[in-house]
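In the form predicted on its own, a lone chain appears below as structure tokens.
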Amino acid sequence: MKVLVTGTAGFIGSHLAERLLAEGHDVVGVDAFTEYYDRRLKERNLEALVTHPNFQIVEGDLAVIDLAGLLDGCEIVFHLAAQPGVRASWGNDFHLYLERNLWATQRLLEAVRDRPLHKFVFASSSSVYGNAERYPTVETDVPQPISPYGVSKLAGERLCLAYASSYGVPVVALRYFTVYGPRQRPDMAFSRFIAALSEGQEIMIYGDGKQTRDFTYVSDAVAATVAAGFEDVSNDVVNVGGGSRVTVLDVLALLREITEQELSVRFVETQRGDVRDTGADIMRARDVIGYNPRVSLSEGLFRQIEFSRASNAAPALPTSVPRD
């Protein structure tokens, strides 16, 4: 199939495009190379893609570019492009979340509504749950986002489902839970922790470290995304989690064990919009797209450190480290 991947130069998008090419699909990628983090990192994410004969990259802003030409011949849209960041979504920059998370999504939906599309996969977030009413959280629990970012992702979901209801667009929204792994954005926790270790700096923790997260390795998130695009499921919302829930303190202990380094940790005030806990019930994902996370947190964190070390951005690993 010919597919469109938006946000291709990003963390998950670049991994997704590589997987789709490996499976024999033609991939059109589009990315605006926004200023959220260094363009050079995004260009590096594309290094394995740009020489592939079945890959085409288009630089452009989904809020303004011609979408008809971009979508020509595409049977599946994987819409991952978005303005990320819970903490950055407050204040004067909220217009970026409106433009890049809502307006761009609405333009794409308008562009595909009369096309014979096989699937429109929308990248949502566990942030839509806010401080959820229970853990693990199921898709039918009431969303109650506590950040502007979470609000924008929930609104994006609802836009998709509105087009599914009124125009028959075959939509699946995936609620990703804290995806990590090689090429993770530099503002995300594991990237910050590894960079701090490499530079001999303090690791900064927002809150007391007892908050919990459901961490999902990037290859598992990609497997779920591909399955959502090709399996017989639509007009649905699906959790994509890693299958386990741990505290940030547990992560620090694991990081210490893997690297055999002492950690200097500084705890600072919890940031507005940060939820206390996340935890995904993934039974629906198992039922409708056959999802089964395969990479444990210890193995995944090892791989991310190993990748960062190869990129000269992490401490060298000891010759023998625990991985499971």
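All residue numbers are counted from 1 along the displayed sequence. Values in this document were obtained by computation on a predicted structure and should not be read as measured data.
Heads up, the form predicted together with a small molecule isn't pictured, but that's what we're talking about next.
Trainee: With the partner left out here, check for me: in the model of the complex, does some heavy atom of T225 sit within 4.5 Å of the small molecule?
Mentor: The answer is no: T225 has no heavy atom within 4.5 Å of the small molecule.
Trainee: How about S124 - does it come within 4.5 Å of the small molecule in the model of the complex, if we only consider non-hydrogen atoms?
Mentor: Close contact exists here: in the model of the complex, S124 approaches the small molecule to within 4.5 Å, heavy atoms only.
Trainee: Quick one: does F120 come within 4.5 Å of the small molecule in the model of the complex, counting heavy atoms only?
Mentor: Contact with the small molecule, no.
Trainee: Classify M188 as contacting or not contacting the small molecule in the model of the complex by the rule of any non-hydrogen atom within 4.5 angstroms, answering yes or no.
Mentor: Judged by the heavy-atom cut-off of 4.5 Å, M188 is in contact with the small molecule in the model of the complex.
Trainee: Of these, L108, A81, A173, V77, which has a heavy atom no more than 4.5 Å from the small molecule in the model of the complex?
Mentor: If I apply the 4.5 Å criterion carefully, the residue I get is A81.
Trainee: Looking at E299, E257, D281, D61 here, can you tell me which has any non-hydrogen atom within 4.5 angstroms of the small molecule in the model of the complex?
Mentor: It is D61.
Trainee: Could you tell me which of 229-237, 130-138, 147-155, 161-169 sits within 4.5 Å of the small molecule in the model of the complex, going by non-hydrogen atoms?
Mentor: Selected range: 147-155.
Trainee: In the model of the complex, do A9, I12 and A104 all reach within 4.5 Å of the small molecule through at least one heavy atom apiece?
Mentor: So, yes: the whole triplet contacts the small molecule.
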